[in-house]
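As a starting point, one isolated chain is supplied in structure tokens, in the form predicted alone.
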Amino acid sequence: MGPLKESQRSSASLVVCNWKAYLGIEESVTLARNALALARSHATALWIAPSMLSLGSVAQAVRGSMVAVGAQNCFWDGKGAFTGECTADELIELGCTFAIVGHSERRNLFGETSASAAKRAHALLRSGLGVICCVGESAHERAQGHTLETILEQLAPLFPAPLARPGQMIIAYEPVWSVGSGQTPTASQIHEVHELIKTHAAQHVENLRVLYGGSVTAANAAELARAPSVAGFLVGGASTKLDSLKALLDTLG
């Protein structure tokens, strides 16, 4: 799936569903088929990132449709002795069009760094796949007033990026303290970080889309989308159940 047309853009024109490891293969396929039906009746674009073992089945279930399918990670090199990793070529063969890199859970649980996330992102970009790169501060960093400094440090190794086309890269701002906690920044706080990201990236990327992620639900999506710099949402738990996903899309229109 390519970049959104200008006529399709709004303050929140994209929802990316990160299903993490919540769903099995059969559950993922069923939800993907139901999500496709939702996508047909909503203006908001819908992308899905199922677990690695579900990727092929989900991609087959929605193949040729308006719903894009992507991976939750990707290795920075091609074929080789890289036990437990997947390559960009493999993702393309499965039918993926994008991948997520640098998610806070990858950083905190598996030792991902900004440098390694950037290497993964660059490999995806060179392969022609889209990239959603996540950045975000911890509760301690925000309390100490280091939010903007942290974001810039995480972005630094990402640029310049080997973009093959406009819209190929998206940044997702996910405050670590917000993910799964039910707490969210205010619209003005989100806007401040998004504007920093866009300003920093402007010399390398035109019209960069920035998503917000972190405890996004139907109950708060409308308020969060009031920040004019929010191009959409990266959604975790609320995207793993059909009723909450429908409510979210209904809220966004």
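What you are looking at is a predicted structure, and each value in this text was computed from that prediction instead of being measured. One rule holds for the numbers: they count along the sequence shown, beginning at 1.
Below, we turn to the form predicted in complex with a small molecule, even though it does not appear here.
J.: Is it the case that Lys20, Gly180 and Leu234 all touch the small molecule in the predicted bound form, with a non-hydrogen atom of each within 4.5 angstroms?
T.: Verified in the predicted bound form; spot residues all in contact, yes.
J.: Mind telling me which stretch in 43 to 51, 211 to 219, 195 to 203, 28 to 36 gets its heavy atoms within 4.5 Å of the small molecule in the predicted bound form?
T.: Answer to the contact question: 211 to 219.
J.: Contact between Glu141 and the small molecule in the predicted bound form at 4.5 Å, heavy atoms?
T.: So Glu141 does not count as contacting the small molecule.
J.: When the contact criterion is heavy atoms within 4.5 Å, does Glu105 count as touching the small molecule in the predicted bound form?
T.: Glu105: contacts the small molecule in the predicted bound form.
J.: Is it the case that Glu137, even though its partner is missing from this view, gets within 4.5 Å of the small molecule in the predicted bound form, heavy atoms only?
T.: It does not: once the small molecule is placed as it appears in the predicted bound form, Glu137 has no heavy atom within 4.5 Å of it.
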